[in-house]
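Two forms of a single protein chain come next, each set out by itself as structure tokens; they are called structure 1 and structure 2.
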Structure 1
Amino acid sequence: MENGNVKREGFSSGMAVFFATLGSAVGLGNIWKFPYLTGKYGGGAFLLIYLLCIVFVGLPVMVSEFYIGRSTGKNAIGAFTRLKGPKSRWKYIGSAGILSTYLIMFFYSCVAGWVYSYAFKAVLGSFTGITAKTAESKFTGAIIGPLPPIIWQIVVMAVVSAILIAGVKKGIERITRILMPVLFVLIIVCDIRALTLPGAFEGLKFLFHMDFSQLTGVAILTALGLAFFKLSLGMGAMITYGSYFTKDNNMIGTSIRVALSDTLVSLLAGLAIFPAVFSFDMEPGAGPGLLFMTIPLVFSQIPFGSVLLVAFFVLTSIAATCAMISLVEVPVAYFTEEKGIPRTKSVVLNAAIIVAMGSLAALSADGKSILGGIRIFGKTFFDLFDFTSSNILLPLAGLLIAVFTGFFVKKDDVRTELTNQGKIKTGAIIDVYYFIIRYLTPALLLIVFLYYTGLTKILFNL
């Protein structure tokens, strides 16, 4: 496929496809949010519900996005244009995806900057002898700034930009094939050490106890939301990556492997964090504070803790970087293919936009920040970017993708693409997928959308 005189790149193999898409799905939420919510809402019971939500929401939408991307070989907007024509309003699904990636990157690059700064401090040994008070002051200094959070945000975007400028194969593919295995090795090293601590069993109990009494309506809706958001769906990333897939890739198989591996990373992160947290009687529900205050404090008090702390924040940096690569690639692909902007210029332009707008998030992440007192609809810039993307645009885009694939694309076309022109014998699975994507997934995503916009409180009194 040609774009001007430049041949469009793609991934070289099924293994490259797997690592790249897994890198997109794995992010900072895997490190603290998923394990914490699993423990909070019933442990193994919540995990069971989450896996069911993956089946009925996450996997169907992921397969649909892969289909849209690979069948067209185009970016998030160009894919819908190719399928339904340039005047079709379906292209606005892609537009919503690109807008979502921008909004997410505005605040996500800020948080990734905190992670990078902590990895740097860990390497320098800055957490030696840390106390609860100094842990809090270090975190406050990292997020309030004003200069440190912006400087580290620029560093993050410089790293991501360098990878993207190298291209799909030499950049995205090469880096994710290296970093994903490294992430698994580092997280297992942290697991082994954490599980040998006194009281580690309480951490395991927090994660895996089967308590169905905790499965309230809110817990189930939380699992639904996680199943969708954690897999980078509704933001154009999987459509864009799908457009780089090889023609012999089993897209259903890839979706299943990515979903299961992403869940495994989350559980391994929990095994690294919660045994250590419970061993020192820390608060497991500290949210982001668990990552930036509790973990340095805990790891500094155990043998070889400084080495473990470096490993932990390096793996966290890897998770953040790989997720950001996939997000920034969405507008980069659009600018390159639809606007004719050379790739290097497209990357630099998007990085500049993200840093410029992201600085608003960086300077409003805390009430004591310079812009922390400014409120729009009652929210800081940081919270507004997060809420608008995660709670409105993503579930809405996912809902529309499900409706589009289920009702506005010929079933035979979907079957032909998903079976690689009949080479893969998955007819029964595709029939099940088609039923789910037409009826169950839209209904569940509609509920998620209503829940996150607060409308369920009015309609269902949840």
Structure 2
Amino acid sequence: MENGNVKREGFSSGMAVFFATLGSAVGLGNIWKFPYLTGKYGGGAFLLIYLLCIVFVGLPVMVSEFYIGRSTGKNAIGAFTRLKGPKSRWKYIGSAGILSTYLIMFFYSCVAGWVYSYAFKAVLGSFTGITAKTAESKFTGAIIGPLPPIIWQIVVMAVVSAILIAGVKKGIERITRILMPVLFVLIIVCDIRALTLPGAFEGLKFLFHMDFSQLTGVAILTALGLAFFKLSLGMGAMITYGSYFTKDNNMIGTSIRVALSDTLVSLLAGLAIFPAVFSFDMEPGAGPGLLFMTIPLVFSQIPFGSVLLVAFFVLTSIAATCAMISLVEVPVAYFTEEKGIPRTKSVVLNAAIIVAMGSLAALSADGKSILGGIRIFGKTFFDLFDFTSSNILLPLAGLLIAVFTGFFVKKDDVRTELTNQGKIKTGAIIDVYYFIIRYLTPALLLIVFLYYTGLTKILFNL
């Protein structure tokens, strides 16, 4: 028993910690956002900036979230009240986190639904012989609805709920441990096929060629935002998962391994997509449709393409599902621990909220959708959920988390937790972490935040 009457589950080993955390990081961000943004901003140079953002912003914030979660053994809000007392305003970082989690879930569950529907259609072989025109009409058909996108969103939530109801060990741990290795195998199969296509080299050149002329301020700031979204930071997911970590886990080591593996998956996704795109003379900067239109079109034209298409959309479904469970776990942990609602009830309640609000995203994803014409602050529901969370709340919470761990908790407490009471000899790495989290990370995040809220325009004319 811990914290009164709620008995807490946790992960059972270092391996479980790694796969679950990686499961949260790897998601639609790697396979959908990363390739199209890299395509849009010119390849290798964008990649380089992205890697720097991972090192100087992503990693340090991740270590901080793990510290906050594991040292308290609590959910995203409870962790702050445990560290600073129930009246402390720091708990609003947790509240902002839960709010962003909901906003992300509303549109993420919708895109995950499209991915499920594509996996299903790929299995049925319905992409055979498609042309550029039919690829487009298939995509709009899948997203305009009204019924199919909502039904698929419900399917996603049913799968995610079943995993979460099974619990932290029997659900999250068991599923991620099986599915993450499967994902790696499938992505490597896709890579081998894509890299052996004629003209594949052009794709490789594109991904690694350093063209700094495309590196505008917008590109740099986009890379920073992507790093954040990619590693599931700023919304309590890593605090919640951190609270399930084993006490002997080396959290700095875990952060580095997760960030490296996650980046590897993004690169592998790029290696599966760009060679194929170039081999067929298609447009690498095709935007969000790259995944849903270009890929089926390209893969349906190559030998073994139909099998590959199934592999590709199954692996994307796995990525989306494992990321989605880490999102839903945030409010579920909060509801069970702070409000005393039993786990199953919490999961069902949250799934219902996500389907109800998420259908607003599902029905506004395209201009032709039923709610596609409605604008709030000039944005559709879908874009509003994405924009407010990724571009405003995440960087803001990340900034506050950096300031919180850098200045408002005792350095010795952080050191004790990160070294597992002195058992791990980390040398100077904690001092390096401390320097980055105090100065560099807040400065970089402040710039992004000012930029996204339009203040840089007013202040610096950027």
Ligand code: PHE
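Numbering runs along the sequence of structure 1, starting at 1. Quick caveat, the model's predicted, so the values are computed rather than measured. For clarity, a rigid core is taken as the largest C-alpha set superposing within 1.5 Å between two forms.
Of the two forms shown, the one predicted alone is structure 1, not structure 2. In a rigid-core overlay of the protein, residue 134 has its C-alpha displaced by under 2 Å between structure 1 and structure 2. After superposition on the rigid core, the Cα of residue 37 moves by 2 Å or more between structure 1 and structure 2. After superposition on the rigid core, displacement of the C-alpha of residue 302 between structure 1 and structure 2 stays below 2 Å.
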